[in-house]
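Given as structure tokens, the chain that follows is alone and in the form predicted alone.
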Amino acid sequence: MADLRANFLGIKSPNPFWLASAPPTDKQYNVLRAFEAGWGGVVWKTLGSQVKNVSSRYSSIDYGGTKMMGFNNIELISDRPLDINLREIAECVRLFPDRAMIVSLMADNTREKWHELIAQVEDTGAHGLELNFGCPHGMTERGMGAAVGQDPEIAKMVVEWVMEKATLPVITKLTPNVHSVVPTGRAAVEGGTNALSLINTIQSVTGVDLDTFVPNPYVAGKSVYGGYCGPAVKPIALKMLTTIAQDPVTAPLPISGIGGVSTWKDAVEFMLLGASNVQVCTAVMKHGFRIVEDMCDGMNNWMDEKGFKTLDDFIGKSVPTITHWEDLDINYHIVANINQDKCIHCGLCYIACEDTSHQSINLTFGNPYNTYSIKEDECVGCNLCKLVCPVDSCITMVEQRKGDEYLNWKEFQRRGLPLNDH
């Protein structure tokens, strides 16, 4: 039986699944339900100067029959009184002392305000602080949230203010609304942060209502850019996570991975690319808190299957496999193979290859159905036919190396080897 217990900056939890700072962690009622369902920890919805939210607040993109493939929100930080939040945090810690309680903070931009808020939160018995440098809407107009995360110098300054006062571990949450998360990540490290988390939501417009002509979410005939999250952002989150996990300045720090985590497989992928734990939001807003049961069972079974005893056995295992394009092996070559016993003769592979790729599939007209086969000499191994095929394992890619030796683009150029002649 694998051991799912997590230790993040000395903050222990029974599993690596935390709820991200968001509506599901807005109050004691939600958090206690989450802990009862089995979540290992929560990041309490961001505290700061009390705000007023609008209605409506959410919109989404559905794709391929899947609801909320991408989710957009324009909700701000907590709109509840600070004293109520603090009292409820303390009660949740008392009732579930074995769960991680992190509190997200976004104070007004003065040293004094940050110090005051930190002191109040630390009195609750919480286990750690997360600095919200990522909120992309509403708070940015006040010089907060992503406005801090987009400027490494300001981010470093605020982290330094925090570290002057904080006695609890500090996690700095990075915004993805930048050309690279590394500069702000480095700045936070230089400021003294103990850990990093990423990504926050991506500034977006999910669509326009073709009857009202107003983008969603609709607020009295107007809308604003919102924060995009959910499964659609996972590839972007994994890329940004990897850049932090590979950078020599940021890599030594623990990382909490966020962005489209919906299943145990997603969580494993984040952890393979350097995250010590993961945070979840959109998936529970769609399915409820009990999905953590499947997450724990799935990760446990996978770890047993792979022979991993603890989380540390596989955290970061895939990071070294991400390299630079010019270092890839040009002699590595694969070609497609169609299993005729599994083929349903739909022709999607042929259409995709013929219209948009390399014309590497033969079409043989037949009665009652057509058949398809690969022109191996023409196939470049792009994977497109495999990706569009609706039948699992019908099309597989078979290795047919061009040469035994490892040969990258730099060496290819140095030798003056010939390029394609067609």
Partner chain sequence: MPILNNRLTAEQYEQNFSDIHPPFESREAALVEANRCLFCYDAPCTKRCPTSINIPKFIKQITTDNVKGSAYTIFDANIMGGGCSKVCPVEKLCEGSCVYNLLEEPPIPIAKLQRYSTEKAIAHKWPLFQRKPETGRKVAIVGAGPAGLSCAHVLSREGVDVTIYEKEAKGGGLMTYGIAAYKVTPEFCEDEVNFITSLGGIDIKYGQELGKDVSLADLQANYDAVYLGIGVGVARQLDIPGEDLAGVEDAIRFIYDIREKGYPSIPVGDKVAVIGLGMTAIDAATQAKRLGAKEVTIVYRRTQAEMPSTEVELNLAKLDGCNIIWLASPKEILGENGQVTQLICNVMELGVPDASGRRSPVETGETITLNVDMVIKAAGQVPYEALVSSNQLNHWSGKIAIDSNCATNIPAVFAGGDCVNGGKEVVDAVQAGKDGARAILNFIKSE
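Positions refer to the first chain, counted from 1. All figures in this text were calculated on a predicted structure; none of them were measured in a lab.
Separately, the form predicted in complex with its partner chain exists; it is not shown, and the next lines address it.
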Given a 4.5 Å cut-off on heavy atoms, tell me which of 197 to 205, 175 to 183, 348 to 356, 331 to 339 is the interface stretch with its partner chain in the predicted complex.
348 to 356
Under a 4.5 angstroms heavy atom criterion, identify the one residue in Gln50, Asn370, Ser56, Ser393 near its partner chain in the predicted complex.
Asn370
If the cut-off is 4.5 angstroms on heavy atoms, which of these, Leu363, Leu387, Val380, Ala37, is the one near its partner chain in the predicted complex?
Leu363
Taking 4.5 angstroms as the cut-off for heavy atoms, does Ile344 touch its partner chain in the predicted complex?
yes
If you apply a 4.5 angstroms heavy atom cut-off, which residues in 43 to 67 are near its partner chain in the predicted complex?
Gly64, Gly65
